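There is one chain below, alone, in structure tokens, taken in the form predicted on its own.
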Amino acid sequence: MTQLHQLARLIRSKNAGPFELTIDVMFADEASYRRVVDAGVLDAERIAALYRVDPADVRLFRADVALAVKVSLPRPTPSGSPTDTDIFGGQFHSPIVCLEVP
């Protein structure tokens, strides 16, 4: 089966303030974008399970014109706190990189 990183042109994460993360998944072509979106690979329940958050706290935004999906969710710990392992939020995209896409 194909993995998400094989279809996406760019997968990245970053802070959306000190308490939230944003994950961007961008595609080079409409066929790959449609394949992922239509398969429901990036849905609130799956993202919530991967990041151990409540599905109600996961927000998904699709930008059809830009061939992109944006996911926003709470950080596990506030940015810059003593237990924070990634102050800029740049490594939080890792759990979705290998999601399988039918």
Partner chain sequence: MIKAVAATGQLGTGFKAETLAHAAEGADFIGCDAGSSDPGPYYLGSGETQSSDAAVRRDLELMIAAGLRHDIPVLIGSAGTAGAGPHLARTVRIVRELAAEHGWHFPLATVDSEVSAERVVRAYREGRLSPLAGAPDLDEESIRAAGHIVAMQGPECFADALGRGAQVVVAGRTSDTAIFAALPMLRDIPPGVAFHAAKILECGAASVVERKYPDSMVAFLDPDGFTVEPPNPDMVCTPQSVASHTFYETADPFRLVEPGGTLVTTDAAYAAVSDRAVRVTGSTFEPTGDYTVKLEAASLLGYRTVVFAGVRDPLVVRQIDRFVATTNAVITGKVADSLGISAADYRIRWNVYGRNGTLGPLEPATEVSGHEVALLIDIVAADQQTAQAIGSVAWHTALHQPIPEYSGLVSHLAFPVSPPAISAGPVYGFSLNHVLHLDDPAETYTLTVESV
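As the structure is a prediction and not an experimental result, all values here were calculated from the model. Positions refer to the first chain, counted from 1.
Here the subject shifts to the form predicted together with the partner chain, a form of this protein not shown in this document.
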### Task
Using the partner position in the model of the complex, report whether A66 sits within 4.5 Å of the partner chain, counting heavy atoms only.
yes
#### Entry: is_contact(S72, the partner chain) in the model of the complex, heavy atom dist at most 4.5 Å
yes
### Query
Quick one: is P102 in contact with the partner chain in the model of the complex, heavy atoms, 4.5 Å cut-off?
no
### Query
Counting only non-hydrogen atoms and a 4.5 angstroms cut-off, does A16 reach the partner chain in the model of the complex?
yes
### Message
Need the contact residues for 57-83: heavy atom within 4.5 Å of the partner chain in the model of the complex, sequence order, or none if there are none.
### Response
R59, F61, R62, A63, V65, A66, L67, A68, K70, S72, P76, S79, G80, P82, T83
